[in-house]
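The chain below stands alone and is given as structure tokens, in the form predicted alone.
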Amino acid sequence: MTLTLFADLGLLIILLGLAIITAFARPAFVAVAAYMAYGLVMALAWVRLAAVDVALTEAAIGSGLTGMLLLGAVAWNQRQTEAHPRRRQIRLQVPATHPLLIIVVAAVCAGVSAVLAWVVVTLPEPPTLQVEQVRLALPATGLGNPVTGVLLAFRAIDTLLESVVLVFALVGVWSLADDAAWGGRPRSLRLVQHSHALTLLGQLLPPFGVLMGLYLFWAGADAPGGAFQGGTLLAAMWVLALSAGLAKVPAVSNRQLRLLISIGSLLFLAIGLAGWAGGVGFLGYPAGWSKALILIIEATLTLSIAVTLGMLVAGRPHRALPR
């Protein structure tokens, strides 16, 4: 057994263990912590598969941002339980799931996993036609990263729709606010009062995190990185500052905030329409302008993604603005 195979088996065992802990942990906080650890180990697994772009996305969004959302949900649930102790008593009186049902569900899941594993193992060698087409067409875009080339040039419509869906997701969260709080501020993200350690982290980490986020955006044209990875890291630094009480969550009625949220998708769509009007097709780029336009799209998307993700973590408005 080689050392790399031993390391891969170790990663697999750790992933399975964290998945089991996440599924069966009783305290919600333990389950969320195991889930975040699972995402980080999964990022290492993607690196072993030479998918560095996917690894960055997994670490930033799958573990970091989603973990923050789940931690916020756990904190909200604890506040609701403390405010309404009777609900807690009713919840504890619910009978446990029948053991036979657990066995049946586990058997079905094991069967589906076995079938999927068999399909993956018996797949024929993947065709290289599309890979070769990307390799041959990439120099025309001026990009060195084939992943960015696929996302922003060859399948740009998918990336455009993803950015639009992100904006609509935030609008959906805001729509859950009470009528009296519409247009106001989301609840403060500061969960720990008078925490000197959190304050210190909120002061020290953001300069380095912002620099790394900007680097991921800029390097994405020629190396692993891009708007989503860089934007998520910028959002994490903003959420850290908000959690430490070093900044305030803006009101959702703030026009500058809404412009920052929508500017990425709007500019992306405008450049796509300009390509259609110029005769190169929707989301097509004129010869010699591909890299410059893609960098402009990536820059605005990075900013919009960062602000949108930060406001998603902040949640729906809870306080109306003073008149």
Partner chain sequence: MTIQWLLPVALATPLVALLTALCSRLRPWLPNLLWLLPLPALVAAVLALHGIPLAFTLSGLSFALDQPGAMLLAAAALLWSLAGLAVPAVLDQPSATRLSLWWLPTLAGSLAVFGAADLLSFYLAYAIVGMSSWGLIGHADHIQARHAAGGYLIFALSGELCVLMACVLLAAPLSAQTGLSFDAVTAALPSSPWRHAAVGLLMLGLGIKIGLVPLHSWMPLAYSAAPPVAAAVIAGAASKAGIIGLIRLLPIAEGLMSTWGLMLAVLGLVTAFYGLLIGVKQRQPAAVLAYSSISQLGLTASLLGVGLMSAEPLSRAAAVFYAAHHLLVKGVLFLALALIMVSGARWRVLLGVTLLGLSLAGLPLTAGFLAKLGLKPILGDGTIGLLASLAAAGTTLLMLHFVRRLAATQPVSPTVLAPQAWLALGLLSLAALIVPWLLVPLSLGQPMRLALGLPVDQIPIWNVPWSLTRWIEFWQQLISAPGLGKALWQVLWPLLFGGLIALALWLPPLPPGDVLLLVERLGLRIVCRIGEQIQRLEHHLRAWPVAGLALLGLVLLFAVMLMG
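Positions refer to the first chain, counted from 1. On a predicted model such as this, the values are computed, not experimentally measured, just so you know.
Not pictured, yet referred to below: the form predicted together with the partner chain.
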| property | result |
| --- | --- |
| V104 within 4.5 Å of the partner chain in the predicted bound form, heavy atoms | yes |
| Any non-hydrogen atom of L211 within 4.5 angstroms of the partner chain in the predicted bound form | no |
